[in-house]
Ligand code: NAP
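Quick setup: one chain, the form predicted alone, written in structure tokens, and binding and motion questions come after.
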């Protein structure tokens, strides 16, 4: 494939950053990749994995000659990173991020981005419960959506170039208003993770059920919740704090619906229960039809194990 950028700087090299690095190398999308991490150990591991061409613990140093800067840090650190790199960003560079909250990231980062630099916030909706540079892999973004939340005065040519970059990585790309993005992600991502953390925490707190029993008899329902609940604690702490309003709104809606379900169970209202379970089953079918999951038994786990 043709080179898209002369130099790409990756600030943060966890699951998303390292997956991007692998894709860039695999597809020859840059002349040079500079990897930055505050952690010496993480940076050393990234170098051992050959994820970049240059490595530095200084984000400011990393972005000096970059045509594209991808910030892949917990959303709470976005402002500090923007302040650190601002003076070294070259005119015409594109700065984007991968955070799952956009309103907060824009508030934190936009004031630091100098005139002539194209700040285009983004969010690839892809990931696993694993973190760190070893967790990345080629194909993470294939068939997944990447949402861009451009600012009103965003340069169209720069946005088109960033869109092409994500499409080359395999993503389907869409534009969205930042506030709307945060509401959508609150229900499809943030709330499910919060519920998973809470359910697994409840099981851990139960005095009548031992931990060994929870693990030994974990049927698919609880087991699948533990996958979400194993996600990076720093990232999800920041998501909760930086998409607070949208998450609280969705939690309120969820609490109302949970009370409705509770009443139906208490009063033996089988018709209401059947109606709810039928509607939710249709959502699952729609997700599979949209190509966002497999309809193979057990989410295709056994088939994958046999490869």
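Just so we're clear, the structure is a prediction, and the values are computed from it rather than from any experiment. Positions refer to the first chain, counted from 1.
Omitted here: the form predicted in complex with this ligand. The next part is about that form.
Note on the interface: of 88 to 96, 156 to 164, 194 to 202, 125 to 133, the segment with non-hydrogen atoms within 4.5 angstroms of this ligand in the predicted bound form is 125 to 133. 235 is the sole member of 235, 113, 173, 106 with a non-hydrogen atom within 4.5 Å of this ligand in the predicted bound form. Residue-level contacts in the predicted bound form: of 169, 147, 73, 186, one residue has a heavy atom within 4.5 Å of this ligand, and it is 73. Taking the partner from the other structure, this ligand in the predicted bound form has no heavy atom within 4.5 Å of any heavy atom of residue 9. Although the partner is absent from this view, residue 38 contacts this ligand in the predicted bound form, with a non-hydrogen atom inside 4.5 angstroms. Heavy atoms of residue 42 reach within 4.5 Å of this ligand in the predicted bound form, making it an interface residue. The closest non-hydrogen atom of residue 24 lies beyond 4.5 Å of this ligand in the predicted bound form. Although the partner is absent from the chain shown here, none of 4, 52 and 69 has a heavy atom within 4.5 Å of this ligand in the predicted bound form. Residues of 1 to 28 that come within 4.5 Å of this ligand in the predicted bound form, judged by any heavy atom, are 12, 13, 14, 15, 16, 17 in sequence order.
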